[in-house]
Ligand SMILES: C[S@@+](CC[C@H](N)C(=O)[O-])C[C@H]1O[C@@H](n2cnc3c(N)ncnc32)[C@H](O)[C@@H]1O
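Next comes just one chain, in structure tokens: the form predicted alone.
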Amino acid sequence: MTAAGDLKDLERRDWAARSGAWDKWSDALAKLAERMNAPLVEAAALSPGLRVLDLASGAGEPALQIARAVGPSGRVVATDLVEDMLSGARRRAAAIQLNQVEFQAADMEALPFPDAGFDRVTCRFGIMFAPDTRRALSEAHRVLKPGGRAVYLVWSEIQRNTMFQVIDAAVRKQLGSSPLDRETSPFRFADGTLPGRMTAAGFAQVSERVIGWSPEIESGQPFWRPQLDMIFGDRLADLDAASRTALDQRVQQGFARYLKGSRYFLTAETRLIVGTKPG
């Protein structure tokens, strides 16, 4: 098992290497992101004037959508472990003059905010990458006001997420290994253990809901390329043109079994976990 400090350094380097890809694809994936954000935003029970801390905001999801929900009288602090990951979020917020959101590099295991300063804490696909989950959840609990709510969205099993399953298999064949082998994998809490960890951190009324859907995608385009770049891009940077072409072909062949007529029929599944700080 890798030491927590070494894992943190590894995560910081990897996300810094991938930050450009997240900025590159953020606009093209905005509509898809809004649909994926919807259950989290609904569970957060947002209203105008609330102060929200969004963890692992990346290129702006779901921080920008939350900022629109809390309105000009509210405030959203969008954070990420890596400063460069927030470049796309800053650019996108400025483009739509979304002034109620601010950006700050922050480690979710050691948040630079005072106690009880936020009405909500949200995190979409980020808690899995914190080496010390206990500290991260305790910090979220600390900065919440009594009665405040924390909402986390994580991936369910990779077998239930076709996009990741196919791409991961192709990367393994091409490179011999995958970054999904790490302890801080996107599927770390697919086993349903996060609610218990939240309860141990002091949250009450903790609940978990599985959300599944069936994406249908028109053929004729490399629809997998954003995820390939955003999740595996740091491992692909040194591939020559022939190797990258071979990898794309492997991915396309992997998706062939899901093609019916002119559409790909995929599966996707997440887990939504909500907890409240006792008041």
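All values derive from a computational prediction rather than experimental measurement. Residue numbers run from 1 along the displayed sequence.
Unshown form predicted together with the named molecule; subsequent notes refer to it.
The partner is absent here, but in the predicted complex a heavy atom of M85, alone among A201, M85, V77, V151, sits within 4.5 Å of the named molecule. Only one of F129, F103, F189, F118 comes within 4.5 Å of the named molecule in the predicted complex through a heavy atom, and that residue is F129. Contact with the named molecule in the predicted complex, defined as any heavy atom within 4.5 Å, is confined among 65-73, 49-57, 206-214, 239-247 to 49-57. Looking at A93, you'd find every heavy atom of it more than 4.5 angstroms from the named molecule in the predicted complex. Contact annotation: E157 falls outside 4.5 Å of the named molecule in the predicted complex, judged by heavy atom distances. By the criterion of a heavy atom within 4.5 Å, V166 is excluded from the residues contacting the named molecule in the predicted complex. Contact check for M108: a non-hydrogen atom falls within 4.5 Å of the named molecule in the predicted complex.
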